[in-house]
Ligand code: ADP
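Next up: just one chain, as structure tokens, the form predicted alone.
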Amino acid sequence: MAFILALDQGTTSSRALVFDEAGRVRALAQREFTQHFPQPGWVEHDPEEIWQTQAQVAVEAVQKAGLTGVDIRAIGIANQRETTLVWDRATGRPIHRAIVWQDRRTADACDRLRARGVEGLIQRKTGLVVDPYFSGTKAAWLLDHVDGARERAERGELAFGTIDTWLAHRLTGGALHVTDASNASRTMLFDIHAGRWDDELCGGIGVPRAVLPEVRSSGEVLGEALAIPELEGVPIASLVGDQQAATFGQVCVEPGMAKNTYGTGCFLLMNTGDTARASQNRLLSTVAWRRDDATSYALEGAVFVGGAAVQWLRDGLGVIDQAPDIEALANEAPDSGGLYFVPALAGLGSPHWDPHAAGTIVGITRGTTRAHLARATLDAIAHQVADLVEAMSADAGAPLSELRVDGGAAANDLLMQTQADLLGVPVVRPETLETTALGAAYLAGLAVGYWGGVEQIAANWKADRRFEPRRSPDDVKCARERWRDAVARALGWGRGAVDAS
């Protein structure tokens, strides 16, 4: 009996999962890695630590399942998107820490791009807005701020990649410098309509073509694992951005189907089929995946701080000891007591796209407690997703009939009920919440013939619980209006920040 190994390289941890033919998790291993914050608004990762933790959990998961490498039919990789690194082609050593997708250091560079009037060109070709979230300005920053890097890049001595590219490079002992279309579409350098890197975009942002990886399909045999002895010879058969992977794992393979993932951030994707639909409501058009020479597209809304707000309560404030504790604490209060928390801890994404927004808490009184703050945090996650759903429904010309959900925070019943209440539509949680890893596994398994087709994997999807709306429409309308008022107070706040030192 064969299995599929999925590597799920996320923002705060590296994970590996073994799946069987029914899409069930046979084993899981996970290790967190260090988050570096060199200065306010900057977030970095050590690429070597990412590789080491990912290699370790890959072996651990296979061993926990009682298997060896010969039992693994293929490896699929899902990765945190937009996180950017550059390495030396000859030595394989990174020239700097990776700049994480949450990092805002290139906000001024993005302002300069807008001032030059190129935002329309970028949006037309890439489906993206100009924002430091994406990889292009991060790569340019590395080339401009590491001594000699730009000259070396022009000579072809350096390689750029997102985390999928880095893992494929390391897994194959340096043999591959590749990415897939879903990750390429997040760089501001890739024309999603033509399906290739674009010289005009590269020149405008300042990233030489010489550093870019080859763009491959999201599901195809790319090479073999060579750098992990226990997995030597196993085919690497998928690379896919984590949110596109979750969409595939939720089997949202038909136009109009949508899912939302509750992870470090929150990401809502709606399949738009073979058409890259332009958003009129500041959402993104993106590549969902490329399979069998056919590209599928999606509309996407991105919330930068979802579960990360809960982590901030834990790590920054010490309000809770463990992230899951937030549900019990929030349930100690019947509501937020009028407290609203806008978790713009890394600016605001869709539909505001304000890198200068700052985290804001309004409505504090002498009666405000830890429980109210916990409740307001869960409310904030649900409100941000409701903002995305409203924008997506406007783009689609029709409301969603239901929302499929996944990610770690989707296990929080209070959050899911709050979400259903704010949306006014059912929220459906599947039996398998590990849809990011499952999507990477499905794409890899389909590429090697482990699954016969999409119909077979669709039969694996089963609902665990359906959350129906309970709150009155008038109550929801009032809460949404107060939320928008709170967001308005957060917008642009960081632009006028003064260093008190």
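From 1 onward, residues are counted along the sequence shown. Please read these numbers as outputs of a predicted model, since none were measured by experiment.
Omitted here: the form predicted together with ligand ADP. The next part is about that form.
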### Message
Looking at heavy atoms inside 4.5 Å, which stretch does ligand ADP contact in the model of the complex, given the options 423 to 431, 259 to 267, 115 to 123, 155 to 163?
### Response
259 to 267
### Query
From the list Ile364, Ala394, Ala323, Ala109, which entry has a heavy atom within 4.5 Å of ligand ADP in the model of the complex?
Ala323
### Task
Could you work out which of Gly407, Pro208, Gly359, Pro235 is the residue within 4.5 angstroms of ligand ADP in the model of the complex, going by heavy atoms?
Gly407
### Query
How about Gln311: is it within 4.5 Å of ligand ADP in the model of the complex, going by heavy atoms?
yes
### Task
Flag Gly307 as yes or no: does it have a non-hydrogen atom within 4.5 angstroms of any non-hydrogen atom of ligand ADP in the model of the complex?
yes
### Query
Closest heavy atom of Ser336 to ligand ADP in the model of the complex, within 4.5 Å or not?
no
### Message
Test of understanding: in the model of the complex, would Asn271 fall inside 4.5 Å of ligand ADP by heavy atoms?
### Response
no
#### Entry: Residues of 1 to 40 having any heavy atom within 4.5 Å of ligand ADP in the model of the complex, listed in sequence order
Thr11, Thr12
